[in-house]
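The chain below stands alone and is given in structure tokens; this is the form predicted on its own.
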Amino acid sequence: MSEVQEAGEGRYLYCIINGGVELNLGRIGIEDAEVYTIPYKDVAVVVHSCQAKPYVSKDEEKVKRWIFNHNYVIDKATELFGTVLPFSFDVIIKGDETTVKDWLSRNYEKFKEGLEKVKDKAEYTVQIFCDQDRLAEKILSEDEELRALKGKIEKMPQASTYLLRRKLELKVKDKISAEISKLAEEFASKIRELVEEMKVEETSRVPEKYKDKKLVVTLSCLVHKSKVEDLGKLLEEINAREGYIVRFTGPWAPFSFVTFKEA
């Protein structure tokens, strides 16, 4: 028996849309697969037909193209039907159209609830950076204890200041960490007032352009379309503060705010 025969028939899932329509979106899927909808009542899932086995490759460029195609299909579905419930890359149901319809019927209420939650909203990413050297200067100028220690070092012979300079460096480092935490909470508090939901991301990639800056906070935000302009104005105000830079990207499908437990 061949590998294809062993895998069996499957449907690759892109997203759930608010619209019970049968529609062919053309060959826009992964590896030029024909993408279409499978409806149930007033919702549908966007799929392509495939073998029921994972998309795996050691070729990183190929995997990047697959992920790009995956996100492209979700973007096209969003253009046609409004905000969708996106699936992450490489989610496949083993079976045919009937299997998928059964799966839709079992989870119909969850999909309706999820679509209502994200209606007219999109995900945005906010990253705020600061100039660490400028922040250190500010802390040194405002902290009486640090100013005294710095003054003491400056009056001592250079050769005997190593331990005190090291002590000063560590104290400044601690103060910077505390100030970064305080700033992150301050910015997040203001942004929270303009978004439906917000997640503070513990880890996040920093683009090369910002490598020399200190990351203050990364936020994933679910924003209603009526609030995007207000959020943009707030971020412009933060960006205008001396020593701070804001990176604001989106809109994206709401990957960070969609959780699904299959029935």
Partner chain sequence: MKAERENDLVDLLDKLLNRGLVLNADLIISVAGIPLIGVSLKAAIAGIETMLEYGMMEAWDQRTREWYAREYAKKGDVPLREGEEVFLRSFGSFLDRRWINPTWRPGFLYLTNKRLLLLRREPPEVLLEIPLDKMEGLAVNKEMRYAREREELYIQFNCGEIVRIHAPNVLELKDEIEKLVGKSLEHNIENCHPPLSEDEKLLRVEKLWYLFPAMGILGETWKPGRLYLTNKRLFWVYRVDGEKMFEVPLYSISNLATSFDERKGKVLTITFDGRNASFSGDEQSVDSIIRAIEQVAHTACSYNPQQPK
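Numbering follows the first chain given and starts at 1. Remember, predicted model here, so these are calculated numbers, not experimental data.
If you look for the form predicted together with its partner chain, you will not find it shown, but the lines that follow are about it.
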Exercise for review: From the candidate stretches 146-154, 166-174, 91-99, 188-196, select the single one in contact with its partner chain in the predicted bound form, where contact means a heavy atom within 4.5 Å.
Suggested key: 91-99
Revision key, fill the gap. From D212, E34, E236, E31: within 4.5 Å of its partner chain in the predicted bound form by heavy atoms is E236
Check your understanding: Though only this chain appears here, would K64 touch its partner chain in the predicted bound form if you measure heavy atom gaps against 4.5 Å?
Key -> yes
Review point. Can H224 be called a contact residue for its partner chain in the predicted bound form at 4.5 Å between heavy atoms?
Key: no
Review point. Should Y55 be classed as touching its partner chain in the predicted bound form when contacts are defined as heavy atoms within 4.5 Å?
Key: yes
Review point. Going by a heavy atom distance of 4.5 Å, is V246 a contact of its partner chain in the predicted bound form?
Key: yes
Check your understanding: Using a 4.5 Å cut-off on heavy atoms, which residues of 169-201 contact its partner chain in the predicted bound form?
Key -> E201
